[in-house]
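Shown next as C-alpha cells: one chain only, the form predicted alone.
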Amino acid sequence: MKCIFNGEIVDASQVALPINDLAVLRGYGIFDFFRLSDGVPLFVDDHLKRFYNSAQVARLPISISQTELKSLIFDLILENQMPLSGIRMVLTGGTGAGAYAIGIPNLIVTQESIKFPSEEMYQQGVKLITHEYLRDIPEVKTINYMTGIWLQQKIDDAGAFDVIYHHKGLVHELTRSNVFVVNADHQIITPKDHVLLGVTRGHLLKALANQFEVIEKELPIEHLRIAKEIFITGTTKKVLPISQIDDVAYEIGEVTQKAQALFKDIEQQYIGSH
C-alpha cells in the first residue's frame, strides 16, 4: 500500500513519525477524510478546502499547495487501485519547536478500506445516547477524539450506535456526524454554531431547502424529546435515521426517507459528472 508523506508517494510500511512530533506528545493536529465511490473521490475539493482552512485556524503551515496535494492524491488513487475506499489526510503539530509549540508539521495521506452501516440500519434506524461535551475548536476537524473513544464502552453497554454531544443545554453534533431534527411542523433544524460543518451536511442542506423549511440555529436538548424524526449525516454514514436517543423513540418518517433519496441522487450525479 502506498501513501503520501511530506509531498512524496512512498510505501506506507516505510513511514514513521518522530517521537517528538506534537501529534504524539500533545495530540495536536488536524485531519480530513473523504471516500471514493466507483473510483471517484467524492466532493474532494470541499474536503481539501476544509483541510486547508482547518490548518490555517490551527496555525499549521502546509508545505504544498491545495492543487499540488490534489494531484498527488489522484496519483495515489491510481497507485493503490481501491475504487471503494477512504482517503485520510493528516497534518501533525510538527517537530523542532519543543514539546509545547507548533513545529514543522508532517503531512500524511493514507488510503484505507471503509464500511457503511448495514441496510437494516438505514431502514430501521439506530440508537444514540447523550453526553455533555463540547469539542475543542469545534469548527476544526482536529485529531483529538479522546472523549468519543473513551465513551465507546458506554456506547456498547447501552447497545447504541454512537453518542450525541450537548453542552450547556444545547445539542451540537455526534462524534463524527451532524444531526438534523424534524419537528411536528415538518421543519428541519440543524445546529449552526460550535459544530464541524460536514461536507455531506452542506450538500444535503442545499437539496433539502428546495423542498422543506430548513433552519440552522441553536437546538435546545429538550427539543430532542419532542422531535418527530431525527437523522444524522457523515461521509460513511450518508443519511442515517435515528430510532432512539436514550429512552425516547422516533419514527423513520417521510422527511428522513426523502433526505436519503436526495443524497443518493447527489452522490450519483457527482459520480456521473466526474
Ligand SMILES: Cc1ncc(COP(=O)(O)O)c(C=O)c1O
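All residue numbers are counted from 1 along the displayed sequence. Computed from a prediction, not measured in an experiment: that's the story for all the values here.
Omitted here: the form predicted together with this ligand. The next part is about that form.
Peer 1: May I ask whether H47, N178 and T200 all come within 4.5 angstroms of this ligand in the model of the complex, judged by heavy atoms?
Peer 2: The answer is yes; H47, N178 and T200 each reach this ligand.
Peer 1: With this ligand left out of view, choose which of P41, G234, G29, P241 has a non-hydrogen atom within 4.5 angstroms of it in the model of the complex.
Peer 2: The option sitting close enough to the partner is G234.
Peer 1: Only one of F74, Y145, Y100, F116 gets a heavy atom within 4.5 Å of this ligand in the model of the complex. Which one?
Peer 2: The residue from F74, Y145, Y100, F116 that makes the contact is Y145.
Peer 1: Although this ligand is absent from this view, report whether E173 comes within 4.5 Å of it in the model of the complex, heavy atoms only.
Peer 2: Heavy-atom contact with this ligand at 4.5 Å: present for E173.
Peer 1: Would you check, heavy atoms only and a 4.5 Å threshold, whether I164 touches this ligand in the model of the complex?
Peer 2: I164 lies outside the contact set for this ligand.
Peer 1: Is L107 part of the interface with this ligand in the model of the complex - any heavy atom within 4.5 Å?
Peer 2: Contact with this ligand, no.
Peer 1: Consider L128 of the chain shown here, and say whether it contacts this ligand in the model of the complex, taking contact as heavy atoms within 4.5 Å.
Peer 2: Contact check for L128: no, nothing within 4.5 Å of this ligand in the model of the complex.
Peer 1: With the partner removed from view, which of 185-193, 77-85, 151-159, 137-145 is the stretch that lies within 4.5 Å of this ligand in the model of the complex, judged by heavy atom distances?
Peer 2: The contacting stretch here is 137-145.
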